[in-house]
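In structure tokens, one chain follows: the form predicted on its own.
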């Protein structure tokens, strides 16, 4: 599998490029609007054809590049059945997408938002904001639910083999990757915590709202195509 991890410094968002080396079909996971040219340049340099943009959820901290990438490449946008209506393909838990010789498994992992998905490709798991490196996504807006997130992580993600690589949607401390086994043992929000303890912990975070919340959520429901122009 061809694999690249890309980073947007403003939102600390990871975008992932994966592709089948034989068919040269590619997918981008969670692209950021301002990084569209970077992403298209990489696709061209590696002589790939962009088949899919995979959204893990309707983001609140950045505007997606999905709509612009679709207009420029003809790719299909994939989201949860609870996700943005602008997507071409809406997938449910356990549904498969074929990317050349690669099989992408959609896993419903709601809790951060009600439409959150993770994607499993071979031994690589792309968790969006559900499971982070030594953390989890917040649950205090966009129909978030701490109990639901605990269930998604412990009953879906933590049932995967310990060796599976976990690629998060964000990191704010420069960490790039982890594993299922590491997060079971060392994630301070989860290791040794029962469901009630996790719910209480999440209720006490008192985090400020994302700076782009009012712009990003409506824009991302339209695949980023109605985003206001950037401030000069």
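Residue numbers count along the first chain shown, from 1. Since this is a predicted model, take the numbers as computed values, not measurements.
Below, we turn to the form predicted together with another copy of the chain, even though it does not appear here.
Interface membership of residue 225, defined by any non-hydrogen atom within 4.5 Å of another copy of the chain in the model of the complex, is ruled out. Proximity of residue 192 to another copy of the chain in the model of the complex: non-hydrogen atoms within 4.5 Å are absent; the residue sits far from the partner. None of the heavy atoms of residue 34 is located within 4.5 Å of another copy of the chain in the model of the complex.
Although the partner is absent here, residue 179 lies within 4.5 Å of another copy of the chain in the model of the complex, judged by heavy atoms. Partner contacts here mean any heavy atom within 4.5 Å of another copy of the chain in the model of the complex, and among 199-207, 66-74, 48-56, 168-176 they occur only in 168-176. Residue-level contacts in the model of the complex: of 124, 93, 82, 134, one residue has a heavy atom within 4.5 Å of another copy of the chain, and it is 134.
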